[in-house]
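Here you get one chain, nothing else, as structure tokens; it is the form predicted on its own.
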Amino acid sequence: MLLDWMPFDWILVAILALFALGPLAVTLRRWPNFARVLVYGGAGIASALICLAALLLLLRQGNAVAMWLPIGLPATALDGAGMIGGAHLRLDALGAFFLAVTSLGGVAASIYGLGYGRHESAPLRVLPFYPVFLAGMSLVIVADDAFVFLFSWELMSLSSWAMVLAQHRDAANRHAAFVYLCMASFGTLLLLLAFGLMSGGSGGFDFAHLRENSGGMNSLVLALVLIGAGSKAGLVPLHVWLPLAHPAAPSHVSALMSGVMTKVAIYGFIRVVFDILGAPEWWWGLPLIILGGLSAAFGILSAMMERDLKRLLAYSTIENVGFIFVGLGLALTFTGNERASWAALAFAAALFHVFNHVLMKGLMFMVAGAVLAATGERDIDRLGGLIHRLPQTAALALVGALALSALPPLNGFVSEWLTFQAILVSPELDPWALRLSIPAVGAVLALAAALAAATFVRAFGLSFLGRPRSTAAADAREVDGFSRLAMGCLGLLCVFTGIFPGFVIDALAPILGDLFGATLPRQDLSAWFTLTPISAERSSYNGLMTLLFIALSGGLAALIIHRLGSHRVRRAPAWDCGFPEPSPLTQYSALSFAQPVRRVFGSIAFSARERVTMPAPGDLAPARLEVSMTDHVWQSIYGPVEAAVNRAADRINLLQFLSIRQYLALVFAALVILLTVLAIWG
């Protein structure tokens, strides 16, 4: 009996401890170093406790654990069958997986914050909100009613917004926080409408009542939840806040927002659509598949054009969220076509990529933070040569770049490979719309995967290889031990999960069984860690053998070249096109590296235009290449909305400067209008 309640009980204790750390940081404002150690250390311990308890619940493969607390909405009994109101909390296999994954990201970010937090110019604008942010994300996952879910969702949004606004003197940060707050409020409004439709006037907002009342308006609920949760996850065209807000926040907060918070949004979508709404229609997955494909292509193309390292990573998040939503869309489609085993494969691919992205993107945002702390630069054209000055960070950056490029034997390859395995079975479906659209989206994902490799070759090469392009890069020094420890742990997990993916697949079995009644073949030691998503005859992947093959073939090639290569080496200056200029500026730039891709795809996606300004004859000034690109989504949708919101805010702002008589007149007018409406409708 003790094991039935103990893990969940400790999860709630850890969440309460996180809530308590926020006000405690304010009381310790006179001792910022002590407050930093206490908040980040306490948040790391609480997150580790949540992660271990969630893993215990997941690996035990037992029933869900639940709890009801008499807080929140007024509580009343419902025919002896339950309680309306109060706070309903519950943790099943799906919630345990997401809670373990998100809290793992919290552990890494907290360890990183112990060192990186020394560089924060305004720690008291971050420390009080950081543990509340972690607690809000955890509470979203354990919520079992609409009130607790939306309250936690807003807490997560507002605390992260406050940290985005930490450097409020920067106009770009203020703009990013404004856009983020507008998008977060819009998404919460749509989720509120979705829960209202699911309730159907029954008076019960706990998820058990919502499951019973789900019915005729499920398609509208799907659309509302897709937009509401998709805006938080960064799904195109709801992504505009993400490349603004993620770079504006401190790097460890960026790692949480990009790697963890977007996954909480995906959890919210899964909880409603796969759990509460019940059996889906076959076409429900089509919008997810199409939007996921567009997100993957647009995100990685935008990342390829970007020079700011943190904005590049933020755009890469959009690409990876696209892969996840394609997997979820395939799972819905296969379920609607009564292909439970295929649905389990697609859903497992999506969840595996959720886990992988927490590791990969958390690692790379921490790398970006380490580069920023060491050089003060985020522009990759002002970096270079860091592999000699930050060797450990460079090695971990290479691991993260290879993982995000989906190259074996790293973990990013496994989940994307599983997604393609699910796509390859789609031609056996009956509806022609699925036979045509799914392979087309598969081709888009293949293009996105190829562009991802080019993007991170560009990012790593320009940042860490070559010669330093600025004094800051030349004078860089390795970052602190806490930062390297956090990055090292995430890097090791990227490698381990890529080589031994069977452990993750087996851990997903309880979730797949609950939702689809089918699981993937068990990946045990007897199969030499071979991943067989459908059958060994159809396809399989062995991460350990792949690693050994790469190591042996690479070592053999190096040995042959060393043995057979000439021992007589001629040293001469490198060919410089007739211009012997030793400046590092003669190296390839981010603009030139991206030029071929920009010329092929940029004119369509961004209306990219190039203009060369030539000096007059005899003028020794250099020619200049100017590139202009247009974000059509922002200009056509969000730019006009932002302008309208600003105009309305300027008008409404006059209400702050009225006299007492004018305020009383407004209150009286509001009462008259309210009584008139009640009289008409009464």
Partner chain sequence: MFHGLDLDIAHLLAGSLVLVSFMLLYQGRLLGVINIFAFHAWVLAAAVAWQAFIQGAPHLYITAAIALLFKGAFIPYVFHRLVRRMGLHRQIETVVGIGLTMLLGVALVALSIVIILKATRNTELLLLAREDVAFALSVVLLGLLMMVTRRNAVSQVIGFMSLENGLILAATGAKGMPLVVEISIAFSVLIAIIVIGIFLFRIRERFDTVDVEVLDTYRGEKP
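Just so we're clear, the structure is a prediction, and the values are computed from it rather than from any experiment. Numbering follows the first chain given and starts at 1. Take the two forms, find the largest set of C-alpha atoms that superpose within 1.5 Å, and that set is the rigid core.
Only in words, not in the display: the form predicted together with its partner chain, which the text now covers.
- Just one of 656, 628, 613, 27 comes within 4.5 Å of its partner chain in the predicted complex, counting any heavy atom, and that one is 656.
- Although the partner is absent here, residue 665 lies within 4.5 Å of its partner chain in the predicted complex, judged by heavy atoms.
- Using a 4.5 Å cutoff between non-hydrogen atoms, residue 672 counts as a contact of its partner chain in the predicted complex.
- With the core held fixed, the Cα of residue 653 is displaced between this form and the one not shown by 2 Å or more.
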